[in-house]
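Take a look at this single chain in structure tokens; it is the form predicted alone.
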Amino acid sequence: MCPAINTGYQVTIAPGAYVCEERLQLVGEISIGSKTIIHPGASIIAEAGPIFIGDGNLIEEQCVIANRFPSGIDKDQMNQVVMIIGNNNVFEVGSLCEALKVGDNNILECKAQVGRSVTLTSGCVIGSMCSLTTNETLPENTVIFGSDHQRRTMPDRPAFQTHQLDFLARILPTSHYVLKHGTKSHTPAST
């Protein structure tokens, strides 16, 4: 078994969630909702406050979800801030999400990046390799795409990933070590 890469953490996993343990990095207080699937090699870093991940999310390999202190800030002088991720979001391979508020049914495509000052409402798609670090709230159903980060509004929200989640829920436990529901903690040994 390839263990999780961890410092201190406390993670609460809802029944029906599948969290692959291999190369998983967990830091801080994390809550994972029902039917959420986290692939091997993902990182969830809750340094600046807790991260609450809703139901039915898909977090793929090498994805980073991070609630970190902004650079140049005295960590002892700053209050903790909660990061809330809604339901039915997809974080594709290599994406980075630092947005403190993510609504429902959003997609961050491969290697997309969303900064701490961005708020994703619902039904938004951040295209592959696009980076959004402005201080803004994206309107519902906004799509950002292309090398020029063009924008448009979709008439409908992206389709739910229900079939993919059901398939992964059957397959992942057969080939990966999966953390079971409940609350788990890890405190690193002092040196």
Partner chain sequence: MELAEIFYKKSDFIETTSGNKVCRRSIMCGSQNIVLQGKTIVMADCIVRGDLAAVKIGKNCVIGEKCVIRPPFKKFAKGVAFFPMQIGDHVFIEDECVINAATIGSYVHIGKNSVIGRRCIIMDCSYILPNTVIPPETVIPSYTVYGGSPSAFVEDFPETAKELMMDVTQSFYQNFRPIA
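Since the structure is predicted, the reported quantities are computational estimates derived from the model, not experimental observations. Numbering follows the first chain given and starts at 1.
The same protein has a further form, the form predicted together with its partner chain, not shown here; the description that follows concerns it.
Counting any heavy atom within 4.5 Å as contact, can you tell me which stretch out of 48 to 56, 33 to 41, 136 to 144, 118 to 126 lines its partner chain in the predicted bound form?
Partner-contacting stretch among the options: 33 to 41.
Residues E29, V64 and T187 all lining its partner chain in the predicted bound form, heavy atom within 4.5 Å:
No, because E29, V64 and T187 lack any heavy atom that approaches its partner chain to within 4.5 Å in the predicted bound form.
Contact test in the predicted bound form: T183 vs its partner chain, heavy atoms, 4.5 Å:
Answer no; every heavy atom of T183 is more than 4.5 Å from its partner chain in the predicted bound form.
Test of understanding: in the predicted bound form, would L172 fall inside 4.5 Å of its partner chain by heavy atoms?
Close contact exists here: in the predicted bound form, L172 approaches its partner chain to within 4.5 Å, heavy atoms only.
D104: touches its partner chain in the predicted bound form, heavy atom cutoff 4.5 angstroms
Residue-level check for D104: no, no contact with its partner chain.
4.5 Å heavy atom contact, V93 and its partner chain in the predicted bound form:
Heavy-atom contact with its partner chain at 4.5 Å: present for V93.
Though the partner is not shown here, which residues of 151 to 173 have a heavy atom within 4.5 Å of its partner chain in the predicted bound form?
Contacting residues: H163, Q164, F167, L168, I171, L172.
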